[in-house]
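Coming up is one lone chain in structure tokens, specifically the form predicted on its own.
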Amino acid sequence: MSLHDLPAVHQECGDCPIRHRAVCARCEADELARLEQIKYYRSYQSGQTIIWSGDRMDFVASVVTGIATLTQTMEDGRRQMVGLLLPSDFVGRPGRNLAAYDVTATTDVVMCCFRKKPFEDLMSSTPHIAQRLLEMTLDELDAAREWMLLLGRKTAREKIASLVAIIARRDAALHLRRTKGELVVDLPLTREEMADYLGLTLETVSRQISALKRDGVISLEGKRHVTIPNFDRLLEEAGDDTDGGMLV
């Protein structure tokens, strides 16, 4: 596993940009001080493998900046993207020694890592960490169930709109912005990666993005910089509404 330590990005937990959403969100000052003692940062370049499936995991981590993908490889070599890791998402599972998926940096990624055994010990004595991790796990379960609906029942246009909405909502939550009115976001995936993730062809993805742009649902600058004039309109195109949108 190739990695680069980044001591220069070390910061106090209280000043962390993902503090309000990460596994440490409910920690008190003394608990943050204990986390400080076992944390370190790692950075990865776009396209770099962070973890290989089957690797022994000696750390758990939170994504601080950047996007990574979770991928599973079948016995015959076929690969399927099964998830995205966005800022504040948790990587690794306490109590499990081996990685279940390949984790690959889609953009440049910085991760706040914790040595695994000390983190597990801290969980047993720090209810705030265990409670927050449980909340995040249940949110992930809800999101996985919604994703099953998306892949199984939604049209190609709805799939594209749903993915854009998921990314925009998470970006707004991370920066404490409301999802009302106009939103601007950079898509972390190429169109080829979107096609893989959504179970569509590249041509279908390109065609549906062009249709959403033509209909004024989104506007594009380049291939990834997206402006959403009206988020509620995007949710309508995704087959969701303002009260029952996809959980992320």
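Counting begins at 1, following the sequence as shown. Everything quoted here is computed from the prediction, not taken from an experiment.
There is another form of this protein, the form predicted together with the DNA, and it is not shown here; the text below is about that form.
Partner contact region in the predicted complex: 190-198, out of 65-73, 190-198, 37-45, 51-59, criterion any non-hydrogen atom within 4.5 Å of the DNA.
Heavy atoms of residue 202 reach within 4.5 Å of the DNA in the predicted complex, making it an interface residue. When the DNA is considered in the predicted complex, residue 233 lies well away from it, no heavy atom lying within 4.5 Å.
The closest heavy atom approach of residue 224 to the DNA in the predicted complex falls within 4.5 Å. Proximity of residue 172 to the DNA in the predicted complex: non-hydrogen atoms within 4.5 Å are absent; the residue sits far from the partner.
Only one of the listed residues (137, 155, 131, 80) places a non-hydrogen atom within 4.5 angstroms of the DNA in the predicted complex, and that residue is 155.
Candidate site formed by 206, 210 and 220: every one of these residues places a non-hydrogen atom within 4.5 angstroms of the DNA in the predicted complex.
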